[in-house]
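One chain comes next, on its own, written out as structure tokens in the form predicted alone.
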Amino acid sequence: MMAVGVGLTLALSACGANSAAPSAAPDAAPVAEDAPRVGVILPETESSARWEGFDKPLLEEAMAAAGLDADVQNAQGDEQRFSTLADSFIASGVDVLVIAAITSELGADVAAKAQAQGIPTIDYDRLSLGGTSDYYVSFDNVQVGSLQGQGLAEALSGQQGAEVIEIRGAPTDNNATLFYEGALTQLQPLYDSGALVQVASQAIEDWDNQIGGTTFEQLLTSNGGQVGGVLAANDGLAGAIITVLQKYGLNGEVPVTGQDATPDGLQAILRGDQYMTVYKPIREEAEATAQLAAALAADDTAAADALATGTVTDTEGNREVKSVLLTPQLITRDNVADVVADGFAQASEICVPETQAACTELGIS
């Protein structure tokens, strides 16, 4: 996989700091009545707060700044609702369709319908395997997983034979596959050498945090109530795992990975219950998507190709998909302040009584 950094000369400048629920800039220029129309379908709200808290408002802001009339909807984890939203957008004749599909099969079906009507489709954040979407915008998800594996390896450095339980993302989400692929680039050599021991590895249906916590507890108890470290695919699953570790008096002793740099995840890092998370600047993802959609709405393939200078392999469709792949960042206690400084999180969200001492020490205010 070839990845490109964030060096897209983004014409869409940020209109303010990200907060837990960023909103479109109040002084943003109004969208023209004849502006190109873009339909956007996000997948759900249950597993992560990012989709409604960040992606939706930032996409709306970026699309408006690009002169696009965007309608951003969320399927709430319902595949039928996702299909209905897609059918409605296609029937209404949107100029571009942007989808973060619940499953690859669903995304491929929607993209095929759009293609039949001559509507270009962008896979947003998640690649629909076996699909026909024209472009893909996301972070380098193999790198995301590599950072998770790197973080866990660092946390367990010197603990020869430390036992690891892996709680992975949804088996139907290609991103989860890529995260794990990346994690193994760091962890498999340690498993092979015996430096670390892989006790168990389990994918979690629908990224369901409750299922993730229950599954982890089952794996933990079957291992005698002991574990050295946990590879958790995102902050939501990490939170459920930490709740179990608290029950067994192991929180703060067992490093847990995460992803998304959520307020809860950052709090857990400051408390010492979670070792790391992965920060993905969603504003950059939204802005790149808006630029790409504007180019496609103008039938300017050359401009779209100039943005999508990376590629990812669709293993089911046996094709290379032109992609914008942005750069994720590893966040530990030492650089939580960077996420706040970047405006992605606010000090008021993460500096609660339990974490205030850490915030003061780290200069987070």
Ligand code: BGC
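Numbering starts at 1 and runs along the sequence shown. Predicted, not measured: the structure shown is a model, and the values here were computed from it.
Here the subject shifts to the form predicted in complex with beta-D-glucopyranose, a form of this protein not shown in this document.
- Checking 135, 279, 82, 179 against beta-D-glucopyranose in the predicted bound form, a heavy atom within 4.5 Å turns up for just one residue: 179.
- Shown alone, this chain has one stretch from 196-204, 219-227, 156-164, 256-264 that lies within 4.5 Å of beta-D-glucopyranose in the predicted bound form by heavy atoms: 256-264.
- Within this chain, residue 44 lines the site of beta-D-glucopyranose in the predicted bound form, having a heavy atom no more than 4.5 Å away.
- Although the partner is absent here, residue 48 is a contact residue: one of its heavy atoms lies within 4.5 angstroms of beta-D-glucopyranose in the predicted bound form.
- In the predicted bound form, beta-D-glucopyranose lies within 4.5 Å of some heavy atom of residue 126.
- Heavy atoms of residue 234 reach within 4.5 Å of beta-D-glucopyranose in the predicted bound form, making it an interface residue.
- Taking beta-D-glucopyranose as positioned in the predicted bound form, the residues of 168-197 that bring a heavy atom within 4.5 Å of it are, in sequence order, 173, 175, 179.
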